[in-house]
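Only one chain is given next, in C-alpha cells, and it is the form predicted alone.
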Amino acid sequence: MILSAKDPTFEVTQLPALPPAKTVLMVRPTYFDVEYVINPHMEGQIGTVDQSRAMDQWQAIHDTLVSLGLDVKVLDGVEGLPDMVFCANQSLPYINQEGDPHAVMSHMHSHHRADEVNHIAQWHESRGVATVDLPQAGDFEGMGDALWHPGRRLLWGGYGYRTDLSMYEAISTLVDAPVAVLELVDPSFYHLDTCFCLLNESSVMIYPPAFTSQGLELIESMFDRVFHIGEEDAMERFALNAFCPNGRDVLLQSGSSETISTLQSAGFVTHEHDTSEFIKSGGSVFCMKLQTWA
C-alpha cells in the first residue's frame, strides 16, 4: 500500500506494533574523505577532511550510543569507498511477521557508492540476516530515504533525488507494510533523513521547504507534534540528520541552538556532537548508523 495524500480512514495507531531495533551498525571512517561530488554539500570540499578529527567525531557518537544501551557493532571501512561510513544508505533492515530479520539491499544512485552494498550485504548475512534484492531496476538508497515509523509497521519513503517513487510498491510488498511517500524538492536535502527526523510515535521534526504542500499535509495529518526547524540549523548544521534511538535521547550536531531549544522544551534529552568533518560530505549522525533487528 502506498499512501501519498491524507487519508481520513488511515490511523497509524491501528497498524501492527513494531519492536525497537536495538542493534546498531557503524562503519569505521578509516578511509573517509571527500573524493567526488554527488550532492551540493560536497562542492569545494574535495580533499579537505581531517581524518584524525573525523575519527574522533565518529568515536564520540559510538560511545554515546553504547552509553544509551544500544548494541553497537563496528565494521571496518574499505579502501576506495570513502562514503561507506554512511551505513544507513546501503540497506533497509526489517523483520517479517514471524520476527525473522531481513534486509532489502539498495540500488545506489551513484556508481561511486555501488560497491558499498556488497560489503553491507555480507555483514548482514554473517549475522544470519536474509538479504533481499529488489525485483526491478531503479534507484533506492536504503535508510537514507526509507524510515520506519517508531513503534509501528509503517515506512516513510522519500523520493526525487536518490530513490525512485516506483521502487516503493515492491518495497511495501517485501516488508509487508504501507509506505507513506514524500517527494523531496530541494537538492540540498537529497535524502529524507536530512529533512525529516522521527522522534517517537507521535512526534517528528521537519524542514518544511524540502517538501511539497501535499507532503506537508500528509505529515501534519499523521503526527500529534510536528516541529518546524529553520534553514540555518537544517542547512548548515544538518540538525535534522539527528538520531533518536529510544523516543527520548536525541543525538545531533552541536550548536544547533534552535533545534536543541525546541527539543528540550518538548521534554527530549539532547546530546550534542560535532560532525563537521562529515557534513563536508553531506551527512551527520543519522547517516552514520544503521539500526537492525539482528
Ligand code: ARG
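Please read these numbers as outputs of a predicted model, since none were measured by experiment. Sequential numbering from 1, following the sequence displayed.
Heads up, the form predicted together with this ligand isn't pictured, but that's what we're talking about next.
- Note that among 119 to 127, 132 to 140, 78 to 86, 197 to 205, the stretch whose heavy atoms approach this ligand to within 4.5 Å in the model of the complex is 78 to 86.
- A heavy atom within 4.5 Å of this ligand in the model of the complex is found for one listed residue only; from Ile38, Leu70, Val49, Met235, this is Ile38.
- Put simply, of His107, His102, Arg113, Arg152 only one has a heavy atom within 4.5 Å of this ligand in the model of the complex, and it is Arg113.
- In the model of the complex, this ligand sits within 4.5 Å of a heavy atom of Tyr190.
- Using a 4.5 angstroms threshold between heavy atoms, Met42 counts as touching this ligand in the model of the complex.
- Proximity of Ser281 to this ligand in the model of the complex: non-hydrogen atoms within 4.5 Å are present.
- Within 4.5 Å of some heavy atom of this ligand in the model of the complex lies at least one heavy atom of Cys287.
- Interface residues of 126 to 153, taken as those with a heavy atom within 4.5 Å of this ligand in the model of the complex (partner not displayed), are limited to Gly144.
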